[in-house]
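So this first bit is one chain, no partners, the form predicted alone, shown in structure tokens.
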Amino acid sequence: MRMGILKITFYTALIAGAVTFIYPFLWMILATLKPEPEVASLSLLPSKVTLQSYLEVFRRIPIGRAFFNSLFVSTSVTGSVLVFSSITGYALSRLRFKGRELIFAVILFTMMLPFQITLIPMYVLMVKFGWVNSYQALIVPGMISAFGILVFRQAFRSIPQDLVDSARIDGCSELRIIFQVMWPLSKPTLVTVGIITFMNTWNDVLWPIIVIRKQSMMTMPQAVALFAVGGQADAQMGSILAAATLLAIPVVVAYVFFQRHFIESMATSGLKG
């Protein structure tokens, strides 16, 4: 009887916590379907469903072009991080060379540095290279990740050395070992690094605002931020919420599809030393 009461209390608390986290997001979505005078109310259901807020967003800013820019930049950065970080993580976990531990220590140290410290030097480099207002400025600085290197190194260290030795005996190069042996055995790690990298790149606002001036090159978070605070929304809360909803949908969809691998990796490879 006592265990039953504890279980009911536990699940009640979980449901209450879930509702607390879900309610603001659900309210935001439903508020975009309300007429503008009703947006400020706390009620969930609109008196009349309308898509006027979304139509205003598409009318006032090139949201389609911004979506393409964000998708192109985020997928390019994510693919580059998966390739280059896994190669570096493999070298630090399986290859023996002088200075390996020092290099790993330096990589860990860079994770402790705030992005703002390297912001100005990075911008100066973009200007020197002539990459301002270009995809290179949005993609190249994020093509490798210290976090990705760390996670791949830890994941690869958990794979038996016998598999690597067997692949080498069969004549596989180190790159073939990475992509044909390590990657198939590290799918949760690939998904985790991919989701986190995609999410961070997709949501980045500060760096695009610094290096991008042309409206046609703006990413979606940048366009939405300027739309919300730059006066283009004319203080229409429904349009601002509609733009925020469009911005959040791709990340939510990606997480829903890959959440099982994400949770599995965070519970295993990400914690092994």
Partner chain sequence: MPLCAVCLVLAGCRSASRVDHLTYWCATNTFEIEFARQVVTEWNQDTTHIPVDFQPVPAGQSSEEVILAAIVGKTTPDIYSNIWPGVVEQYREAGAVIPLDQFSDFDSALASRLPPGLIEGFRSPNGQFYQFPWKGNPLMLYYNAGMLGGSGISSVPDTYEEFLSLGPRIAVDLNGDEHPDQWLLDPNILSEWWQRFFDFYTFSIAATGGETLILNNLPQLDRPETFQVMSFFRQGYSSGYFPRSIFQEDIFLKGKVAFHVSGPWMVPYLERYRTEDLHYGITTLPLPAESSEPVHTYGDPKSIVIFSTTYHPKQAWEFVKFFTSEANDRRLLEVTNQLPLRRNLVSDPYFVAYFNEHPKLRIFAEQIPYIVATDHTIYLQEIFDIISQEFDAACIHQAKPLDDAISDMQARVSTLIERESLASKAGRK
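Just so we're on the same page, rigid core means the largest C-alpha set that superposes within 1.5 Å between forms. All figures in this text were calculated on a predicted structure; none of them were measured in a lab. Residue numbers count along the first chain shown, from 1.
Although it is not shown, the form predicted together with the partner chain is what the next lines describe.
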{"item": "The partner chain contact at residue 127 in the predicted bound form, heavy atom, 4.5 Å", "value": "yes"}
{"item": "Interface membership of residue 50, the partner chain in the predicted bound form, 4.5 Å heavy atom rule", "value": "no"}
{"item": "Close approach of residue 72 to the partner chain in the predicted bound form, 4.5 Å, heavy atom", "value": "no"}
{"item": "Partner contact for residue 63 in the predicted bound form: the partner chain, 4.5 angstroms, heavy atom", "value": "no"}
{"item": "Contacting member of 76, 133, 166, 180, with respect to the partner chain in the predicted bound form [4.5 Å, heavy atom]", "value": "133"}
{"item": "Residues of stretch 47 to 71 in contact with the partner chain in the predicted bound form (4.5 Å, non-hydrogen atom)", "value": "56, 59, 60"}
{"item": "Residue 39 C-alpha moves between the shown form and the other one by 2 Å or more, core aligned", "value": "yes"}
{"item": "Residue 217: Cα shift of 2 Å or greater between the shown form and the other one (core-aligned)", "value": "no"}
{"item": "Residue shift check between the shown form and the other one, rigid core fit, residue 204 Cα at least 2 Å", "value": "no"}
